[in-house]
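As a starting point, one isolated chain is supplied in structure tokens, in the form predicted on its own.
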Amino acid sequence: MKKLINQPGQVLHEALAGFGAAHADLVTVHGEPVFVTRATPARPGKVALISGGGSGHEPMHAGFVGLGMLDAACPGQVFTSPTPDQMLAAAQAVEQGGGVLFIVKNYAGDVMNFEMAAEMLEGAQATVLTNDDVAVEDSTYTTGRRGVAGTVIVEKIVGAAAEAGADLSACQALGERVNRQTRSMGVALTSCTVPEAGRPTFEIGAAEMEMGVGIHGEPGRKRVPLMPAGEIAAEMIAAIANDLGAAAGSEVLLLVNGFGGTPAMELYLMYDAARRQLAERGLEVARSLVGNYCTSLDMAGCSLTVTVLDDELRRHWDAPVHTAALRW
């Protein structure tokens, strides 16, 4: 294993120290329990948005803490859910009188621990569960579909609404609507390597790929021979579009998300291929995002996420955002 680390057990601690120092104008990193908040608190009365999950998916979620997105993020150990005390402490730190909205990816550990934190938290609260992955309906990690890169879209759009003054029930309803209108699917060309494991999470041949992979390297729909990028995009978009059921003429947001080990050139190539596939189905890409936003350590591959847009979603997507990972 070749990685830019010191001791495997100190990776998260040292990475968070670097993240906090690099973005001290945006975030504050808290310890014992560990969580990340905005450096400058939000205005009184604003709904507080909190998310989190295992580390190794950077910039998700700490990279989305800031103006127009999250108020706090709870990073667990690599590929391990954060603990309820992290979530409770984060919620108590950022609650401003408007209530707390937890945005939770549909993984068993995340769901259970956020539920425990919610039970201990006093005051108004609600939850949005993201489950945008079309690759599987159930696995050892989830009860139902997995929450993957579509979570970025939920956090951005709901974050803008909360910043604009939407109340807790409106933010929850909007988040659930964005999740319903969003589908994702991933493909892996290589495995990822968890630092403390020191070896690839799964074995895959040089001429194979995993179609429908999860963000922890868990298997998807099938192991297949490596295909050209255009054929990969065609299969992924077909699965997404068929499940989404968007009418021809709809405008969509297209996110091409890297898993950590794929060059930007290849991600843009996949964007072009996916855009062409959507156009063949009468779907116009009106908004787009390309890059590493929900990674899987050093895994080579990408995911495609499609969200059906309407006037409200477009307006919130275009609203200002100022975080370590997104700024416009």
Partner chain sequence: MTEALLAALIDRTAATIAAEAEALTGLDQAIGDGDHGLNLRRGFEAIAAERARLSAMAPADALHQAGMLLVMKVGGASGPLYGSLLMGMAKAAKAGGDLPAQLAEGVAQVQKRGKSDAGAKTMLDVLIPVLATLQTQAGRPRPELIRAIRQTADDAREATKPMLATRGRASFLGERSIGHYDPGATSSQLLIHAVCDVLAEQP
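Worth saying up front: this structure is predicted, and the values here are computed from it rather than measured. Residue numbers count along the first chain shown, from 1.
One more form of this protein, predicted together with its partner chain, exists but is not displayed; see below.
Judged by heavy atoms within 4.5 Å of its partner chain in the predicted bound form, the contact stretch among the candidates 163-171, 248-256, 179-187, 118-126 is 118-126. Highlighted residues K156, S288 and T323: none comes within 4.5 Å of its partner chain in the predicted bound form, counting any heavy atom. Among residues of the shown chain, E95 is not one whose heavy atoms approach its partner chain to within 4.5 Å in the predicted bound form. Interface membership of P82, defined by any non-hydrogen atom within 4.5 Å of its partner chain in the predicted bound form, is confirmed. In the predicted bound form, F102 stays away from its partner chain, with no heavy atom inside 4.5 Å. Not displayed here, its partner chain is kept clear of A89 by more than 4.5 Å at the level of heavy atoms in the predicted bound form. Contact with its partner chain in the predicted bound form, judged by any heavy atom within 4.5 Å, is made by just one of E196, E208, E235, D243: E196. In sequence order, N106, Y107, A108, G109, D110, M112, N113, E115, M116, E119, M120 are the residues of 106-122 having a heavy atom within 4.5 Å of its partner chain in the predicted bound form; the partner itself is omitted from this view.
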